[in-house]
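Here you get one chain, nothing else, as structure tokens; it is the form predicted alone.
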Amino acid sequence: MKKMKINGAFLNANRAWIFLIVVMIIGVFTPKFYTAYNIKAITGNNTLFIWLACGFTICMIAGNMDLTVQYCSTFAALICLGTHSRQKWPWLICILVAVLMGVIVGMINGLLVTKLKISAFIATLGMQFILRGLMYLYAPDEQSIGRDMAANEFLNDKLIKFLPFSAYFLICLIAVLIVWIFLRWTRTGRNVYMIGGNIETAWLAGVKSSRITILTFVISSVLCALGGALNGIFSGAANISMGEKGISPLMIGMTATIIGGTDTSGGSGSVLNTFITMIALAFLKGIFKKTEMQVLVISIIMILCIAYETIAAFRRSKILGIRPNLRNEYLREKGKA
């Protein structure tokens, strides 16, 4: 029977789970931390970040960055609550309209990157400002849009009585699992990893890289739009500056993606690990109440992860460059041989 080898590579591959376990141990020494009310509040209030982080993760796996995740979710919340309060449309139609906006934003981002060959960083950065301008046009003088106590109570209520999680959080969990299954168990999902790892190899293998890239941007924007629309209903209101106090939602999503183990150059990563990391970050924020402490601790953790990845990549390239049996060395380094 093969013994499990605990080394740097093993710890790095499971760092999201290790991070969560460490934070949960710290929570044991925090007074009244593990109460049903506190867990429900922490997970519910941080669910929007999970939507954004998973959207950001799928684009990064494909070798791109989607900087529109925050503004796409905010605009979706404004559209969802705005159409409900102004046009009196039912919630399902309002959510679908918000998601349609996400599809359009994702399509535009993908076309800019694939057809016009604009860097994803620049394309999505520009789309940030466009979405911001559209939000001001849509809600120029309103500090807050919409409120529906019945829908608000439904998303805040517990669907499963013995679990301390809101309906909003459980819907997010289902979405994460669907995306995880899509990436891990479908041919298209595996192609996402392929184009992120090496787009030229993917082209030689017959993968339509442009279509896959556009698809990843669309999925990212749809996740953010759906999460933003539901978050507006969950919180009972939507405004242009949602989430801009404290740590930016975009920064939280990016941090969870990197700490979760997604390669910044693409080709590897997992939305499930991003989800686990985001839960750990949510608990960490619940332990450290002050924003400055949250920023400090989260920044240190992210820097350590990036430093490890950089050093590991340098050592791996050095090993593969000077030794003859490259494949065996690589597998041994990964703990697979």
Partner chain sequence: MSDQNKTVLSPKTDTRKTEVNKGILLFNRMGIWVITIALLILGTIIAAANGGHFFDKSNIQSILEAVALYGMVAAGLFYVTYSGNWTDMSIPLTMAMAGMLTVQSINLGFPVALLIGIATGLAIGMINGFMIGHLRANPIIWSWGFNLLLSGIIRVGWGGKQLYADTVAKQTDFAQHSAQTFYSISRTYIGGIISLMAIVMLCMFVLSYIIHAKTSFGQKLKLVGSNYEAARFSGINCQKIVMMGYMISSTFAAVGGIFYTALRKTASYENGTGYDFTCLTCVLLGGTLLSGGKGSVLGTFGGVLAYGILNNILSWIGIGTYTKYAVQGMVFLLIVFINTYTERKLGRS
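What you are looking at is a predicted structure, and each value in this text was computed from that prediction instead of being measured. Numbering follows the first chain given and starts at 1.
There is another form of the same protein, the form predicted in complex with its partner chain; it is not shown, and what comes next is about it.
Candidate site Ala123, Thr264 and Val295: all three near its partner chain in the predicted bound form by heavy atom within 4.5 Å: Yes.
Heavy atom of Lys117 within 4.5 Å of its partner chain in the predicted bound form: The answer is yes: Lys117 has a heavy atom within 4.5 Å of its partner chain.
4.5 angstroms heavy atom contact with its partner chain in the predicted bound form for Ala202: Ala202: no, not in contact with its partner chain in the predicted bound form.
Contact flag, Pro90 vs its partner chain in the predicted bound form, heavy atom cut 4.5 Å: Close contact is absent here: in the predicted bound form, Pro90 is far from its partner chain, nothing within 4.5 Å, heavy atoms only.
Partner contact for Ala167 in the predicted bound form: its partner chain, 4.5 angstroms, heavy atom: Ala167: no contact with its partner chain in the predicted bound form.
One stretch from 174-182, 126-134, 98-106, 211-219 that, in the predicted bound form, holds residues within 4.5 Å of its partner chain by heavy atom: Checking each option against the 4.5 Å cut-off leaves 126-134.
Heavy atom within 4.5 Å of its partner chain in the predicted bound form - the one residue of Cys94, Leu250, Leu226, Leu155 that qualifies: Comparing distances to its partner chain in the predicted bound form, the residue within 4.5 Å is Leu250.
Sequence-ordered list of residues in 44-68 near its partner chain in the predicted bound form, where near means a heavy atom within 4.5 Å: Residues within 4.5 Å: Met60, Met65, Leu67.
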